[in-house]
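The form predicted alone is given below as one chain in structure tokens.
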Amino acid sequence: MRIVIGSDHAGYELKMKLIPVLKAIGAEVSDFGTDSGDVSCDYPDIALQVAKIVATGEAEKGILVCGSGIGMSIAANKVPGAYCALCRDISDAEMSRRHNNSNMLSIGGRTTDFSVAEEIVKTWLGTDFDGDRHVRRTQKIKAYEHSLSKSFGQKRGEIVIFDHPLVQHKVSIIRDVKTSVKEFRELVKEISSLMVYEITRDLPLEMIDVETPLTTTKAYALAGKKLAIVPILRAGIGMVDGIIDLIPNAKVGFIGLYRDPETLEPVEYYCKLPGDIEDREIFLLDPMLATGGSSAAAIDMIKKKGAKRVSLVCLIAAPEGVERVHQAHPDVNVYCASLDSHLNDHGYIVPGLGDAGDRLFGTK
């Protein structure tokens, strides 16, 4: 495990005592300063540098030390993808990992004895994230970060939740049991079209010359990126037209999977993908990400055909499904209109909207 550590002048002494502790437990430690406890420095300079290293995945964890720990934690938490917990005791350290999945730790060099700090660090590093209901809560923080920062969406293995008012309004309608098949089908298409704007955010552009009625000017065009959309049958078909309307040149593949009612595991019955799948960016369409088994299996199938970059596009997701997909495929972004509460005993998303296929096509 690579750990980056940093302090200001007030936290320098404690930082230097903690580095041998980290090395003793087998960590690879990178010290980002400061190099003296006698020369005053500004804590944001250190905190932001360390936080960026952690947020980009160049290091698994980060530790910051300043006089009280407060300033470092405030600064670090301004970096999207950095989740810095200010811990004063072992209980704080344990809960910040179990419930909050913190990837950075802040300690007060002038407020925390070394013996306590040592136990805080060991507890924090030795405690795993509980997952379960806490996944939903932490993912909502990430979704808000994404809405504020375009660059945050450029990484892989994220979940992106659409908080646009139009999307949320239409999702409320498709949840309603009184919504007709016709209206449900139209709304799924509309929501899918709205989601296209976000899932294609990082498509590359190239500069071209365009002649307007007045003059010739420079403009932007898509740089020939090859795209493919792959719905999981049958419910995924409902999302195809909404995306094709905006990306008409995308090729379309199909994957047929059904969920065994006893084991809840996916069973393959059909797979038809573009022949040049390895050259394309793939958007896998699965309206309901419940247990995650079907989506994870479909991604397996696509990757075995040579695909290198896959994103999963859903309407409604459960935390259990997101966790399963990211455990099996940590490089896959999951885009959804809502991250719901949990799965019930039958594997349905709660509150959800029922069976998307049944509601799209009026058949069971």
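What you are looking at is a predicted structure, and each value in this text was computed from that prediction instead of being measured. Throughout, we count residues from 1 along the sequence that is shown.
The form predicted together with ligand URA exists for this protein as well; it is not shown, and the discussion that follows is about that form.
Go ahead and superimpose the pocket C-alphas, place ligand URA as found in the predicted bound form, and count ligand atoms within 2.4 angstroms of backbone or C-beta atoms: 3 or more is blocked, zero is open. In the predicted bound form, ligand URA occupies a site that, on this form, remains open once the ligand is superposed onto it.
Using heavy atoms only and a 4.5 Å cut-off, determine which of Met239, Met104, Val230, Ala290 is in contact with ligand URA in the predicted bound form. It is Ala290 that has a heavy atom within 4.5 Å of the partner.
Does ligand URA get within 4.5 angstroms of any non-hydrogen atom of Arg259 in the predicted bound form? So Arg259 counts as contacting ligand URA.
Quick check on Leu14: any heavy atom within 4.5 Å of ligand URA in the predicted bound form? No, Leu14 sits far enough from ligand URA in the predicted bound form that none of its heavy atoms falls within 4.5 Å.
Under a 4.5 Å heavy atom criterion, is Ala356 part of the interface with ligand URA in the predicted bound form? Yes, Ala356 lies within 4.5 Å of ligand URA in the predicted bound form.
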